[in-house]
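Take a look at this single chain in structure tokens; it is the form predicted alone.
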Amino acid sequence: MGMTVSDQSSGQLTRLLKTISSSFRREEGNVPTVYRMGRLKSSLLQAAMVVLAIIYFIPFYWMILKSFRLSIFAGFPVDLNPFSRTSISNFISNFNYVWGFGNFPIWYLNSIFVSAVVVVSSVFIGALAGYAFARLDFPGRNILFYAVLATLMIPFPVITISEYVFMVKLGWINTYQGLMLPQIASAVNVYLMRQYFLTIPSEIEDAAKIDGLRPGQIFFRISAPLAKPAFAASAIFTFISSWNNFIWPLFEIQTTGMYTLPLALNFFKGANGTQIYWNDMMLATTISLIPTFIIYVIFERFFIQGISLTGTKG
């Protein structure tokens, strides 16, 4: 019996459906392969990040662990067992010794005071300069900005002697102003703030100008409140740099009563400089890291946002 037209049409439709179905199956077969490759790359990246995190965490773990041991058990070889010769009583004993050693509370307050003044002054000046380079049009703006960036290529030890001589002539040796002033000028803060101000739409400031606001009013009322992430990033960078500064206080400070923590930690060594009391030094270092940790935790969200947006425009 011959095939009718309807049968032929039905057969063609069936073959077409099979072709489409097989095509979908091939495409679906490729999807899991691509998905698995993406999952594999993500897993490898996460594993690498975990390994790096462990590597970075080990020194902090070792530092805290030694704070719970006596000096005779805190040296080398390294013992990373958390239950080996550690106790709360050892920690309390070490803390009482460290906090009562010399003028340790005064050294701690000196570091807080100096770092706080340097952060506020440096960030404020950097914001003003960054806003000027980003929004104000004046002759030689780009040349001056590149000159500021060029100072980043000059290592601080190169200019230490000249700064020391300058402070001697001013009579600011062994003074707080002499200790803080060289740390206030920061090309990094100028760059961070300038880059962030460039990300703020100029239409906002144009509208403010139409309303009659002056550049100073625009900065304080509009631009500065919008630049909180950049302020946070600059503050964290400046605080860490000032808090850990060792070279300049070593030149500037001549009396132990004005020492900051980086200089004070040098006292936790033997008279000949070879015997280090690791438990006391590690506990003092742990205590000195607390303000940095607190500031980073408070401003972490703004810090990450500021870093991600400060390099979007040139």
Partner chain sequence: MSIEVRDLVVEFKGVRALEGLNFDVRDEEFLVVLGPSGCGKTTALKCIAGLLEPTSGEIYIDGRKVNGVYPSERNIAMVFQNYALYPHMTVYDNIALNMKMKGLPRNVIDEKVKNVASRLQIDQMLKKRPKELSGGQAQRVGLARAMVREPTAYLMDEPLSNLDARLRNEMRDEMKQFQNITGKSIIYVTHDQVEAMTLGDRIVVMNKGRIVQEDAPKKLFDDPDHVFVASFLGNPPMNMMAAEIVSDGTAGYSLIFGDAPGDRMHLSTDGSVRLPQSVIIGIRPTDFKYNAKGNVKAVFDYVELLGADVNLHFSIGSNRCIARIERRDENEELLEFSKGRPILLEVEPQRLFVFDAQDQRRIRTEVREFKI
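Residue numbers count along the first chain shown, from 1. For clarity, every value in this text was computed on a predicted model and none was experimentally measured.
If you look for the form predicted together with the partner chain, you will not find it shown, but the lines that follow are about it.
For the options 168, 204, 158, 88, the residue carrying a heavy atom within 4.5 angstroms of the partner chain in the model of the complex is 204. With the partner removed from view, the residue among 116, 106, 213, 185 that has a non-hydrogen atom within 4.5 Å of the partner chain in the model of the complex turns out to be 213.
Here the chain stands alone, but in the model of the complex its contact with the partner chain, taken as any heavy atom within 4.5 Å, falls in 217-225 among 169-177, 240-248, 217-225, 125-133. Proximity of residue 208 to the partner chain in the model of the complex falls within the 4.5 Å heavy atom cutoff.
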